[in-house]
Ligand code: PFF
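The chain below stands alone and is given as C-alpha cells, in the form predicted alone.
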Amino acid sequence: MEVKRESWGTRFGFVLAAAGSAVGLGNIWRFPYLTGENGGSAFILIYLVFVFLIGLSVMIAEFALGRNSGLSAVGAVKSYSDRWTFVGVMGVLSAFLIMGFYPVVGGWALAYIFESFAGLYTRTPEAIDQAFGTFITGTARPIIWMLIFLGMNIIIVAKGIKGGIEQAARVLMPTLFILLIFISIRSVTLEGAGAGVDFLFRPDFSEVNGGTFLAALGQAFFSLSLGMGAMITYGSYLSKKETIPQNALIVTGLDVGVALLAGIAMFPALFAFGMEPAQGPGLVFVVIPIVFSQMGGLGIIFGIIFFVSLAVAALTSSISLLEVVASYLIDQKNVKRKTAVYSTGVLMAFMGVLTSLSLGVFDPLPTLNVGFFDLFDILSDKVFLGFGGMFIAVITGWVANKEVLREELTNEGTTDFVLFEAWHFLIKWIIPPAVAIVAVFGILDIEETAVMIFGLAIIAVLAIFSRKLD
C-alpha cells in the first residue's frame, strides 16, 4: 500500500522551518565579520542586492523543483533528467558532510551554556582562550556534547515533518529572534557602543574591491542553505495551495534579519570593551566570552542567552540537513522514517567522533594533509555547495520546461507572479555564470591542493555515472 507523503501543517510552520534551515552558525559569526572586513554598510548593500536577486531566485527554483516532483533532492532532479541525477546526489552528500562537523560545533554551543554557569566569565582573557583550546582538543567532553546535540536532531526529525520539524521550528525560531533582540538592545546601549555600530553600518567604499563582491555573493548564496538539497526537500512537502515566490521572499527576509541582528548583538559590545573582532570560532567562543567577563554579574545572564541563541541557530539548520539525507532513504529506498533517521544518525555520530578527535589526538589525514573537520568543511563549503547551486540554476533554466515552471509558480494560474519572466531570465542567463565565478574562486582559494582534486574527482565520478544513480 502506498504511503501518503508527509506535508507541512501550516504555512507559518513551513516558513519558520525553511528560515531555520537558512539561519545557522554562519549568520552568527561569519556575516558580522565579513561586513566589518569589507566596508561596513557598503558590503551590506552589495550583499542585499545579491541576496534578493540571486539567492532568492535560486531558493524559488529549489522550492519549485521540490514541490513539482513531490520528491526530495535526488528524486526531484532525476524527475527532470537522468543525466542530472548527480546534482541531487551532490546535495545529499553535501548535507551528509556538513553533518560530519556541524554537530561538533553545536555541541560546543551547548557546552558553553553550562560553562556560563560554571565561572567562565570570572576568568582572565588568557584563561578563557586557553579553556576553549583545551576543551575542543579534548576527547570525552566534546564528543559527549556532540552526541547530545546530534541526539536532539534525531529526536526531532524522527517525529516527522508536521510533528517534529515544524513543531520544533515554531518554538526555536521565535526564541532565537527574541534572544537576539534582547542582546542587541543591551549591546547598543553600552557606553562606547557607537564605534561598533559605525564598524557595521558606516559605508567605507575605499574597502570595496573585487573580493568584496565575491564575498558578498558567496555569503548571500551559502547563508540561504542553497545547493545542499535542503530547500528542495522542504519544498517537496509544501502544499500546492501555497505561493512559492511569496514564501521564499519571507524566508529570505528572515534570514537577512537574523544576520543583521547577530551583527548588532556582537560588534557594539566588542568595541565598547575595546576588543578586536576575530573570525570563526575565535569570535564566538573566545572574544565574546571575554566581553561578557567584563560585564560583571550581567555577563553570566548575557552569556547564557548568547550561547542558547547559538545552539538554537545551529539546531534549526542541522535538522534540515539530517532531513535531506533521511528523506533520500525514505523516497528512493522506501525506508521507514525512523529507520532512516536512526541509521543516518549513527553514521553521522561516527563522523562527528572522527571530526572531534581530529582537533586533538588525531593527526591530519596523511594523504590530504588535513583533519576530518577541515576535510568535511572544505569539501562541502568550497566544492559541493557552489557547484551544486550552479547546476540547480542550469537545470531550472535550461532543462526544466518553462511553462511547467510557470504553472508551478502561479499555482496553475490561480495566483500572479508578475516577475516570472525576469526571474526566468536571471535563473537561465545571469545566475549560472555568477555562481560559477564564486565556485571557481572558492576552489582556487583552497590551499590544500589534494583536497581540491579529491572534491572535483568526486563530482566528475558522480557526473559520469549519473544515469546509474538514484
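In this text, residue numbers run from 1 along the sequence as written. Whichever C-alpha set is largest while still superposing within 1.5 Å between the two forms counts as the rigid core. Please read these numbers as outputs of a predicted model, since none were measured by experiment.
The protein also exists as the form predicted together with ligand PFF; that form is not presented, and the subsequent description refers to it.
Chemist: Just to be sure I understand the contacts: of Ser309, Ser317, Thr344, Ser116, which is the one whose heavy atoms reach within 4.5 angstroms of ligand PFF in the predicted bound form?
Modeler: None of the other options qualify; the answer is Ser317.
Chemist: Which residue, Ile288, Leu176, Met228, Val157, is the contact with ligand PFF in the predicted bound form, using a 4.5 Å heavy atom cutoff?
Modeler: That would be Met228.
Chemist: Could you tell me which of 192-200, 320-328, 159-167, 123-131 sits within 4.5 Å of ligand PFF in the predicted bound form, going by non-hydrogen atoms?
Modeler: Result for this chain: 320-328.
Chemist: Taking heavy atoms only, is Leu25 within 4.5 angstroms of ligand PFF in the predicted bound form?
Modeler: Yes, Leu25 is a contact residue.
Chemist: If you check in the predicted bound form, is Phe149 within 4.5 Å of ligand PFF, heavy atoms only?
Modeler: Looking in the predicted bound form, residue contacts with ligand PFF do not include Phe149, since no heavy atom lies within 4.5 Å.
Chemist: May I ask you to check whether Phe222 falls inside a 4.5 Å heavy atom distance of ligand PFF in the predicted bound form?
Modeler: Within the cut-off, so yes.
Chemist: Is Ile98 close to ligand PFF in the predicted bound form, meaning a heavy atom pair under 4.5 Å apart or at it?
Modeler: Ile98: yes, in contact with ligand PFF in the predicted bound form.
Chemist: 2 Å or more on the CA of Gly66 between this form and the one not shown, with the rigid core superposed, yes or no?
Modeler: Stays below the 2 Å threshold, so no.
Chemist: Establish whether a shift of 2 Å or more occurs at the C-alpha of Phe31 between this form and the one not shown, with the two forms superposed on the rigid core.
Modeler: Yes, the C-alpha position differs by at least 2 Å between this form and the one not shown.
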